[in-house]
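Form predicted alone, single chain, as structure tokens, below.
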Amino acid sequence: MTTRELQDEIIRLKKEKDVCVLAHAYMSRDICEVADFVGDSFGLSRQAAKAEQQTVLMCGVRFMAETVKMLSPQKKVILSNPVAGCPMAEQIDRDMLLQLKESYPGYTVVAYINTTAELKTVCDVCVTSSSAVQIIRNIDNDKILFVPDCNLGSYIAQQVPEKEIALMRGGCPTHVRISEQEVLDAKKRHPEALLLMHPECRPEIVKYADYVGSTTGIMAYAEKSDRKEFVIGTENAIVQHLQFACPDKKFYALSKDCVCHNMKATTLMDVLDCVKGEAGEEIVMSEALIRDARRCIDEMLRLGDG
């Protein structure tokens, strides 16, 4: 089958079987084109909660599918590829955080959305990369323990200097791979380009950015900007998506190695097999786990818009 034939069959089957297909923006272009919604993880979860379909296919990684299930516990949620995890989410578990909390009494524990549902049960507030600064400013406590990404945490600390923010040494292996030399080389090759970067990159790299924001924030900035050239400092799928969205502009990858292998684990054929009901993994969570993990998400929504 050709790519177009596969896509047409997925579109036909998802309508026939009443399946809502979600694709994280780091998915490949062929998958994004058959999705009902494309975006950041939490935004996709909110879209799924509003969708009429009672079966949701998450083309992303495990913590994203868990979040979909937490916001739509009555729906059947499928993870497109069972091996697609998130190395950052797997860097700390519930027991490790409980031990860490003992070293920081009186601190409000803030979890990045890129964490497991189990970990969220022992956190106070959840944040996304786009909402983190606003929500941490709104927390009625000057002492914050932020987990697990020390790079995003460092960026937040710079934006909210009035808070005392303790960090653990975790982060995204994909974004951490970007080197300062790659930034300098990119700026030399493309002197007229703006550098757009994700805050999961290391602080010594982020300082060069013209704009720092979430995946969808980066895409929106590039689409609305009057400038014509951009170097993209996040997963390289975004370069291709922007090339399709803005064919009159030029987009360059900051690093050829900025590729999330877990996101790329899902193929278009996987999506077809999932909508057939022959592949993927259903996310099953107890009522207690959903209830306890949702508390920090509900607190995020109370303190900001997520």
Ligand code: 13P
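The first residue of the shown sequence is 1; numbering continues from there. Not measured: the values here are computed from a predicted model.
One more form of this protein, predicted in complex with the ligand, exists but is not displayed; see below.
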Would residue 120 count as a contact of the ligand in the predicted bound form, using a 4.5 angstroms cut-off between non-hydrogen atoms? no
Is residue 41 a contact residue for the ligand in the predicted bound form, using a 4.5 Å heavy atom cut-off? yes
Any non-hydrogen atom of residue 80 within 4.5 angstroms of the ligand in the predicted bound form: no
Taking the shortest heavy atom distance, is residue 215 within 4.5 Å of the ligand in the predicted bound form? yes
Location of the ligand contact in the predicted bound form, chosen stretch of 48-56, 277-285, 249-257, 62-70 [non-hydrogen atom, 4.5 Å]: 62-70
Can you list, in sequence order, the residues from 242-279 that come within 4.5 Å of the ligand in the predicted bound form, counting heavy atoms only? 263
